[in-house]
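To begin, one chain is listed below as structure tokens, in the form predicted on its own.
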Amino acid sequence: MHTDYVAALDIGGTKIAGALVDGTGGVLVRAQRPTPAKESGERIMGAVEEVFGELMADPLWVGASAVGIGSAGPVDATAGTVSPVNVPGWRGFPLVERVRAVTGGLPVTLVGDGVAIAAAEHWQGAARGHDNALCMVVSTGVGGGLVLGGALHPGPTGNAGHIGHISVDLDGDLCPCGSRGCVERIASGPNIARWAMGAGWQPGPDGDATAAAVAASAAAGHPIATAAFERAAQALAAGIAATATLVEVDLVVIGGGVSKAGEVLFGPLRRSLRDYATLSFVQGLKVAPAMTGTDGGLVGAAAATGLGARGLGARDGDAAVVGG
């Protein structure tokens, strides 16, 4: 039996991952390159081409019927371009057109990486069976995506749900995005670690100064490390409550490296949500850890093309499928 696969691309500041994904969400063939984030746009595209070269060399490639791309944002699905904040070589880069050329004209769907995670979690993960959910990645940055009315909601440009850049501290630190006091500026891994160090926390003998090391200290009862995670949880809770109040989601799914802190993050987050999600229609908001893991971006990029489930693909007027 001939099987259709989707070629999926997950683009971040550190790696460019590619895969062939089947209709059950299975990842069949993989390829990966480091993102040459500080180099030219063409050099970065070269890494994308190498990933596709590896996938296309596999015999299963003949079954590839479409390409789904989840990229660090912002993206512009209408124009088919990407401008990831942490990849300065790409500003308005025509990624959809270039990928279509590399893959021999396959239709390409582009969404932000947070939208891709939402698609993955709704199809295969913790948001399965939920019609209205916010799915988040808390990592080097903070991103998100929305499932509303049972369908992925990428928005016209593929960025809807980008909760990391809701301002939760009106006079807060300037964020690289240009705004102030953004969720990401407080709750991302590097910003948790930055605040902890500034407040007097010090790494152990191994010199590890990451948020993971802060989380380990917090789990051991270190007061500054604990405060750093409580502060991050409060920022997340304020952004989540605002989002839930605006669009009525009943579930928040949180993945990404910082979520691996477990109860160090989820405990204070649930407590803070009680302070911010106070209206009757958001009081029942549930928080769950993501289930799709490191393959979430790839599975979600594939799901955003409509693979595997009716209604998961972009609706009319939402993120464009270019070249279909």
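Residues carry their position along the shown sequence, with the first being 1. Since the structure is predicted, the reported quantities are computational estimates derived from the model, not experimental observations.
The form predicted in complex with a further copy of the same chain exists for this protein as well; it is not shown, and the discussion that follows is about that form.
Among 285-293, 258-266, 272-280, 48-56, which stretch has residues with heavy atoms no more than 4.5 Å from a further copy of the same chain in the model of the complex?
That would be stretch 272-280.
Out of A101, A199, A220, L246, which one falls within 4.5 Å of a further copy of the same chain in the model of the complex, going by heavy atoms?
The residue in contact is L246.
Going by heavy atom distances of 4.5 angstroms or less, which of L106, A227, L148, A213 would be at the interface with a further copy of the same chain in the model of the complex?
Going through each option in turn, the one that passes is L148.
So in the model of the complex, does D169 come within 4.5 Å of a further copy of the same chain, heavy atom to heavy atom?
Judged by the heavy-atom cut-off of 4.5 Å, D169 is in contact with a further copy of the same chain in the model of the complex.
For R185, is any heavy atom within 4.5 Å of a further copy of the same chain in the model of the complex, or not?
Residue-level check for R185: no, no contact with a further copy of the same chain.
Please determine whether C177 contacts a further copy of the same chain in the model of the complex, using a 4.5 Å cut-off between heavy atoms.
Yes, C177 lies within 4.5 Å of a further copy of the same chain in the model of the complex.
Hey, in the model of the complex, does P156 get a heavy atom within 4.5 angstroms of a further copy of the same chain?
Answer yes; at least one heavy atom of P156 falls within 4.5 Å of a further copy of the same chain in the model of the complex.
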